[in-house]
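One chain comes next, on its own, written out as structure tokens in the form predicted on its own.
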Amino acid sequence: MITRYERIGESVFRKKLANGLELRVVPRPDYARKYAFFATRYGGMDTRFCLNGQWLDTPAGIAHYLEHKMFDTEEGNALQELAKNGAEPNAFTGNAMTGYYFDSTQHFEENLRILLSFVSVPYFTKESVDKEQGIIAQEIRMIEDNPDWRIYHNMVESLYQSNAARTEIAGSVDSIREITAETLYDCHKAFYTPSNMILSVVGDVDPERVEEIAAEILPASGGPEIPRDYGREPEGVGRREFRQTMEVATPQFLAGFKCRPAAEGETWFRQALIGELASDILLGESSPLYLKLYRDGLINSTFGGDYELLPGYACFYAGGDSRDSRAVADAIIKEAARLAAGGIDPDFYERTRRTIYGSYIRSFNSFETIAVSMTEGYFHGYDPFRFPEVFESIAPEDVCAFLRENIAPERCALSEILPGETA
């Protein structure tokens, strides 16, 4: 079925295959580039799940470990095969998904067959799995030495007490030692099933031909729905402050706010857009708060913020370099309360709204953004191409309500990295 979106000038081919795979194709006639993104709803958070009526606990980092090993094939390495065909392949593991993709201008069908084959047919040996432990352990140590990652993870651990978002995607050096070829095969069997996956393609391709190849390569049947347990999270913040010393030149901080999680569906999309609007209005470079903090010397150009959603998790955060992070966090809370009570300047709101609207529309020029947006939308039950309609349903009062409900002292945790020897 083809759906046309006149307001953004896009057409999307959608089809649910007999094996349960969701297929999305955005035709781009006359473009040489072709982009394919094959993803499973399985990421770093999915360490506890129910399979065949039994709840299983798996080691932290197993989804990321599995991603590393998926490129191994009985014949060699899929990355090398794709590169020989002129493709640029890669993969990533997030909190709630793992994606494999390639970008190419030639040999698209052959590259698509390779992609679908190596992701759906695992090949592990004890020797290769053991060897990978050293590689991933080195990667974990590098992450642990990164101040930006440490300050973020410390913030999440402070805000949340049991939600699986606390789990580091790569795991720990200790947790990955528990991973074996058998556990990798078990997790692949549970989550790498067509009914838990989506194939998104953008470019000058024939959607029906993509469908034929997918039906030919992938298993004929999907798999059962896998219940996941992300933890029962209490309302309050677990820890108000988290300080760590590292070899940094200046103090760094993140002030995080534990927000109310969003329901799946279009509500999820709308909530994400409200959070983005709130972030730009409260923290953007032209906002009154930013200008005042900058003028007072409390922040510099590193300052910024964001809002993110995950299953059972929502977080609004801001940070950067600062000599007085507590003063900045207090100013954020105070300004949010002022806006919530007195309203947002209409001209400033409209400028911010137009900026975000234009940015979203321009993002549809990116093949990668289109494919990832379709994937995230499918996994969370919304249609990213309905952006104009959803965005226009948001009013200044919605942003004020968001600030009132979420940017409050009792919802705040302050994470700091201070100069000194690494703790």
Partner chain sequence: MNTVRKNLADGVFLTCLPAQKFKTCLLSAQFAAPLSRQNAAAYALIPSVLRRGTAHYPDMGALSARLDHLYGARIDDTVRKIGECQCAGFVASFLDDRFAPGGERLLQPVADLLGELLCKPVAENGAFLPAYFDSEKTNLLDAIASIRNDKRLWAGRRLLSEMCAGEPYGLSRLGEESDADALENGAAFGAYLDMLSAAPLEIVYCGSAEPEAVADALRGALSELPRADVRVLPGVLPHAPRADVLRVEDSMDVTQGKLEIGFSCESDDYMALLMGNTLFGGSSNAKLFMNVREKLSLCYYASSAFHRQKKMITVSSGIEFADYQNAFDEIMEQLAAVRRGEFEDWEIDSARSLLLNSYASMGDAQGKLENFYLSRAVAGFDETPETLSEKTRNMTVDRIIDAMRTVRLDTVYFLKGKEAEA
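Positions refer to the first chain, counted from 1. Think of the rigid core as the biggest set of C-alphas that the two forms share within 1.5 Å after superposition. Note that the structure is predicted; figures quoted are calculated from it, not measured.
Keep in mind the form predicted together with the partner chain is missing from the figure; the text below concerns it.
Honest question, do S158, E168 and R240 all end up within 4.5 Å of the partner chain in the predicted complex by heavy atom distance? No, the candidate spot makes no contact with the partner chain.
Between T93, N196, Q252, Q271, only one gets a heavy atom within 4.5 angstroms of the partner chain in the predicted complex; which residue is that? Among T93, N196, Q252, Q271, a heavy atom within 4.5 Å of the partner chain in the predicted complex occurs only for Q252.
Tell me, out of R113, K84, R209, K189, which residue has a non-hydrogen atom within 4.5 angstroms of the partner chain in the predicted complex. The residue in contact is K84.
Of 394-402, 39-47, 373-381, 353-361, which is the one stretch near the partner chain in the predicted complex, taking non-hydrogen atoms within 4.5 angstroms as near? Comparing against the partner chain in the predicted complex, the contact stretch is 353-361.
So in the predicted complex, does any heavy atom of Q138 sit within 4.5 Å of the partner chain? Yes, Q138 lies within 4.5 Å of the partner chain in the predicted complex.
Tell me, yes or no, whether S104 is in contact with the partner chain in the predicted complex, where a contact means a heavy atom of each within 4.5 Å. S104: contacts the partner chain in the predicted complex.
Can you tell me if E276 lies within 4.5 angstroms of the partner chain in the predicted complex, counting non-hydrogen atoms only? No - in the predicted complex, heavy atoms of E276 and the partner chain never come within 4.5 Å of each other.
Whether R386 contacts the partner chain in the predicted complex should be assessed with a 4.5 Å heavy atom distance threshold; does it? R386 lies outside the contact set for the partner chain.
Does any residue in 123-157 get within 4.5 Å of the partner chain in the predicted complex, counting heavy atoms only, and if so which ones? Those in contact are K131, E132, G134, I135, Q138, E139, R141, M142, E144, D145, P147.
If I superpose the two forms on their rigid core, does the C-alpha of Y357 end up displaced by 2 Å or more between this form and the one not shown? No, its C-alpha moves less than 2 Å.
Superpose on the rigid core, then tell me if the C-alpha of D30 is displaced by 2 angstroms or more between this form and the one not shown. D30: C-alpha displaced by 2 Å or more between this form and the one not shown.
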